[in-house]
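To begin, one chain is listed below as structure tokens, in the form predicted on its own.
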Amino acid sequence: MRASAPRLASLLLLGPLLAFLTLVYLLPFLGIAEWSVTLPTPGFGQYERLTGDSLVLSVFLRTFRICAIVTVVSVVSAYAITYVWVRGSRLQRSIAELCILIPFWISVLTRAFGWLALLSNRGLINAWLMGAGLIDSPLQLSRNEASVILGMTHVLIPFAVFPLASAMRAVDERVLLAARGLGASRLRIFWSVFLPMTASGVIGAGLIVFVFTLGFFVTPAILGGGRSIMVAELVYLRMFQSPDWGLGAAVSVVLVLIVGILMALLFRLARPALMGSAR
């Protein structure tokens, strides 16, 4: 009875959070799941369409391809920035901290329009190149997949920094000193000791970026210009610009299931790095 009292108090404290999540996330998701098997007719016809509709399959393949590229570029870039932030000099740490935090203060929408101002046909880069006489006509720098990847990477690099920072700060400095004392070079220490000890952070950062990328809507819609549609934009088009709510709901359910599987992997494989900040 004595042990059950703290447990009951914990459940009571979690009660408002659980009620909020149920009201805001679980109930709407159950409604969407119901639409996927009832609209326009009851059954699993919408899920069969997912496997046979070439447009939907191409959107999923494009989304996974963009997610993979953005994840690799973001994690590699974030690893270098985090290394400087954690192990650099005081000045280097201050500069890296500004580079990490400033993007958080600017909205995703503003950053997307900022890239559009740079990359559009009448943007600054084309204006500079034409003014310098290097090109005769504007280059197609926006409204394509490359501009989508660039804009999404810019947004997501800071999200990869924090799990990497937790993993790097958890590295025991005495292990690195021991490796150095045994005659290992800096490159050998990094490759054979430091990088393996931060692998959980790399996995965690990669999964976080990949999950965020799956649900991106604003940046692909603005920088892609309808030519690089991703899954989230496909759901929007099916729900709000065509009466195909059943297919949009089925795509949403599949997307949530994929995100759920990735989140389960995240907590299983990268839990030490994610919990490092709490220690």
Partner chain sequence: MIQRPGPIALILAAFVAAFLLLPLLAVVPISFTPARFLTMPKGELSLIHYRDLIDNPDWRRSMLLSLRIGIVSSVVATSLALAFGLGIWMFQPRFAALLVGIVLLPMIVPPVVSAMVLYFFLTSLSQINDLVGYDTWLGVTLAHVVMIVPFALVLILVALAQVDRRIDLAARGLGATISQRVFGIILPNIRFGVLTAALMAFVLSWEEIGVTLFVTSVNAITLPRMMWMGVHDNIDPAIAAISVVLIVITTLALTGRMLLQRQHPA
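Positions refer to the first chain, counted from 1. Here, rigid core means the biggest group of C-alpha atoms that superpose within 1.5 Å across both forms. These numbers were taken from a predicted model, which means no experiment stands behind them.
The same protein has a further form, the form predicted in complex with the partner chain, not shown here; the description that follows concerns it.
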{"property": "4.5 angstroms heavy atom contact with the partner chain in the predicted bound form for E97", "result": "yes"}
{"property": "4.5 angstroms heavy atom contact with the partner chain in the predicted bound form for W35", "result": "yes"}
{"property": "Residue contact check: S228 to the partner chain in the predicted bound form, 4.5 Å heavy atom", "result": "no"}
{"property": "The partner chain contact in the predicted bound form: F60, any heavy atom under 4.5 Å", "result": "no"}
{"property": "Heavy atom contacts to the partner chain in the predicted bound form at 4.5 Å, residues of 163 to 196 in sequence order", "result": "E173, L177, R180, R186, L187, I189"}
{"property": "Did G15 shift 2 Å or more between the shown form and the other one, C-alpha, core superposed", "result": "yes"}
{"property": "Displaced residue check between the shown form and the other one: I261, CA, 2 Å or over, core reference", "result": "no"}
